[in-house]
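Take a look at this one chain, the form predicted alone, written out in structure tokens.
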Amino acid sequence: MHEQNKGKRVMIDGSRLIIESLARAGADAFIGYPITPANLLYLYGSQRMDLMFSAPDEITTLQWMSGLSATGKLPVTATSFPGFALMIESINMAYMMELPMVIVLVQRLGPATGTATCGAQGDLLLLKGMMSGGHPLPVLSTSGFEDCWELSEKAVEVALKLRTPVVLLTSKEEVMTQKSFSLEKLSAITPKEKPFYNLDCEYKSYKPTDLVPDFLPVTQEKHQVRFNASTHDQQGILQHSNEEAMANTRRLEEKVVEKMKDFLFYELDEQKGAQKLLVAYGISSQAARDALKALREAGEKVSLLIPKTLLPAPDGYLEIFNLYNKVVIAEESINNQLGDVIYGRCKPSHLHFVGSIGKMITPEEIMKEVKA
């Protein structure tokens, strides 16, 4: 995708937009193991990134990503649930070591290997609970081609500014479906700065500046750098339970919760006088947009919320929910995972759910629940 194509309509898929955006924003290495439906991301990543390593499995993928991140690279991978499950221990390791990286998770029908060619939205609660200790991992979710472009850039920015792994959550239909698309809709992307430590005084690998430690790659020769995946102090030295080490672990939680407030992304299409709110994220937002249009044409007053920052769950979503008498969540699951993220298991009576399994939700199914 070249600059001279701006202004032209092209046949394109979300995978190419994601990889191109990541590369322009500063991602410079792709490491992966092919898996459906993330294969196009693997293909485009191998063509576009400065470095590409084909790993023998998903565990190795995350280990190699961690090594590259420690040298100052910003690595990317793409997978779906079976591969992601194998990556979880190493993602926990990278989280503790505070290594920037981006993981594109393409959802498909599960559990286990499920159906590789059938989409779903089944991984949100997995992402919420995957970190040992219950710590939050930043998760952004695409809801269209523009998001594939814009949120990929933001994922790089979050990874670098917070020194953390970031998940970009998407789905089979978003990354594999080609459609006619105008490149004029895409904003310019500039490479994100890699904020390396540049002072002469002693460097401590985990001494925070406003909750985030300055980063220094192991490839430089000026300072000693320690990365540690076990409980450690500010120098990166293994410690069991002294106050400095415990404060460092608590900071991991505080860092993500506080800093992600600067990366709150959502769409809110409010209709004056509406008492009903339709909520959808990811691929389901496409059907929700169509349903909203049809409902309004039929005289229904309805607002629409499309969350894009999913984790840690922003308090602002609950505040929006509480403005309406009826809230309907549309999601390709049968257990209302977004509702669990917002409310836990004690959901209020004004919250309603329309879901599906093995097929995409239709606008008609959404409309029926909103009208009920």
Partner chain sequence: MNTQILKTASLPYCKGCGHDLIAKHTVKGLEKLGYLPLDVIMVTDIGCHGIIDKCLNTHTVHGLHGRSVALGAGITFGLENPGKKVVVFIGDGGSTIGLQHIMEAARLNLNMTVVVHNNMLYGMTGGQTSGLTPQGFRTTTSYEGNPFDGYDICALSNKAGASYVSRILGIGDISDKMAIALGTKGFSLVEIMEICPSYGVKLNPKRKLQEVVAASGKEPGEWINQRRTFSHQQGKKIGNLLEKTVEIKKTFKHYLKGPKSVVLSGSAGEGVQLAATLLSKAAMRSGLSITQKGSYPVTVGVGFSTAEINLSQKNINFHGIGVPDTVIITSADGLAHNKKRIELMQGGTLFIDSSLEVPPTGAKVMQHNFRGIGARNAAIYAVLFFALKTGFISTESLFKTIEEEGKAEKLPITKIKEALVE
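Residue numbers count along the first chain shown, from 1. If you're wondering where the values come from, they're calculated on a predicted model, not measured in any experiment.
As for the form predicted in complex with its partner chain, it is not shown, yet the points below apply to it.
> Of the residues Asn248, Thr79, Thr164, Asn228, which one places a heavy atom within 4.5 Å of its partner chain in the predicted bound form?
Replying inline: For this set of options, the contacting one is Asn228.
> Which one of Leu125, Ile237, Leu268, Val257 is close to its partner chain in the predicted bound form, taking close to mean a heavy atom within 4.5 Å?
Replying inline: Only one listed residue qualifies here, and that residue is Ile237.
>> With the distance limit set at 4.5 angstroms and only heavy atoms considered, check whether Ile19, Met52 and Glu173 all reach its partner chain in the predicted bound form.
In response: Yes, each of Ile19, Met52 and Glu173 comes within 4.5 Å of its partner chain in the predicted bound form.
> So, in the predicted bound form, is Ser180 in contact with its partner chain at a 4.5 angstroms heavy atom limit?
Replying inline: Ser180: contacts its partner chain in the predicted bound form.
> Is there a heavy atom of Gln275 no more than 4.5 Å from a heavy atom of its partner chain in the predicted bound form?
Replying inline: Gln275: no, not in contact with its partner chain in the predicted bound form.
>> Residue-level question: is Phe321 within 4.5 Å of its partner chain in the predicted bound form, judged on heavy atoms?
In response: Output for Phe321 is no: heavy atoms all beyond 4.5 Å of its partner chain.
> Any of the heavy atoms of Met11 lying within 4.5 Å of its partner chain in the predicted bound form?
Replying inline: Taking the distances in the predicted bound form, the answer for Met11 is yes, it comes within 4.5 Å of its partner chain.
> Picking from 181 to 189, 194 to 202, 150 to 158, 260 to 268, which part of the chain touches its partner chain in the predicted bound form when contact means heavy atoms within 4.5 Å?
Replying inline: Stretch with heavy atoms near the partner: 181 to 189.
> Does anything in 209 to 231 come within 4.5 Å of its partner chain in the predicted bound form by heavy atoms, and if so which residues, in order?
Replying inline: Residues within 4.5 Å: Val218, Thr219, Gln220, Glu221, Lys222, His223, Gln224, Val225, Arg226, Phe227, Asn228, Ala229, Ser230.
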